[in-house]
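The chain below stands alone, shown as C-alpha cells; this is the form predicted on its own.
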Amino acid sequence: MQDAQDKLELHQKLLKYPPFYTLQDHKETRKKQITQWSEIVHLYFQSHKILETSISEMLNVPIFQDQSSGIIKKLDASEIREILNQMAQLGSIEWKNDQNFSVNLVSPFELADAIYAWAKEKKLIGYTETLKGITEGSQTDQTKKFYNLPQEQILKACLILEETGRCQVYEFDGLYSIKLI
C-alpha cells in the first residue's frame, strides 16, 4: 500500500514540475521520463474508465499540460505518440490504426507492482523464479492479478521491474528466469 501511495505522490509532484513536460534528449533520462509518463497516462485511463481513444483526443487531456507556473507547458502530438508507443510495446494499449487505440484494463505496471509485492510477501527477494513459477507456482494463489496470465504479459511486467531495478531477467534458449532484487 505504501508503494502505491509513494507512487501517487511522485506522480502528483511530477505533474506540477514544468520541466517534466519537456522530454529530455539524454537517452537514459528520456527513457525514465517516458516510463513515468506511461504510468501516469495508464492511471489516468483507469480512473476515467477510458477504453478507447485517439491521439487527437489525448491532446486535450489535462495531464498533458501544466499551468501551475503561470507558463503553459504541454506535450505535443509527437511526444504523446512516443509515450503511447512505449505503452503499446509494454501492452498497456493496442493501436487500431495510426491515430486510434484501445486501452488494456490491467497494465504491465500493475502486474509488475503485484508481482513484486507478492515476492516480498513470500520472501522471494534474492531468489530466482521462472515465469511459469510466478503465474502457476505453489506460492501463487488464484487471487493474484497475475495468476494464470500468459507468460508474455508476465515477461513485460518483469521487464518493467528490471527497468526500475527490482529484478533481473535472464533468457536461455527462449526460456526466462527472473531474479527478484
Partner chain sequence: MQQSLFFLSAEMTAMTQFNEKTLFIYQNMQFLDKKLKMKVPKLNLVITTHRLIFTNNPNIEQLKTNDAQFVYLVVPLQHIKTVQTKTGFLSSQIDHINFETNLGDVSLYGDNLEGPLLQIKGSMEKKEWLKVQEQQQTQSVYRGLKSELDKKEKQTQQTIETVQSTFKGGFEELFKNASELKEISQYIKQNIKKGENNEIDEILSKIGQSRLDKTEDQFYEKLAEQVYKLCVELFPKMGGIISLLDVYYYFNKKRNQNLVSPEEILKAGLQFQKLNYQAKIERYDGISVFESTQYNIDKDYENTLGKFISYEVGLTAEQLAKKLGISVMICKIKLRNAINQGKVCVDNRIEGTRYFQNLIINI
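Computed from a prediction, not measured in an experiment: that's the story for all the values here. Positions refer to the first chain, counted from 1.
The same protein has a further form, the form predicted together with the partner chain, not shown here; the description that follows concerns it.
- With the partner omitted here, the stretch from 148 to 156, 128 to 136, 110 to 118, 62 to 70 that lies within 4.5 Å of the partner chain by heavy atoms in the predicted bound form is 62 to 70.
- The shortest heavy atom separation between K32 and the partner chain in the predicted bound form is within 4.5 Å.
- At least one heavy atom of Y17 is located within 4.5 Å of the partner chain in the predicted bound form.
- In the predicted bound form, no heavy atom of D141 sits within 4.5 Å of the partner chain.
- With a 4.5 Å cutoff on heavy atoms, H48 does not count as touching the partner chain in the predicted bound form; it lies far away.
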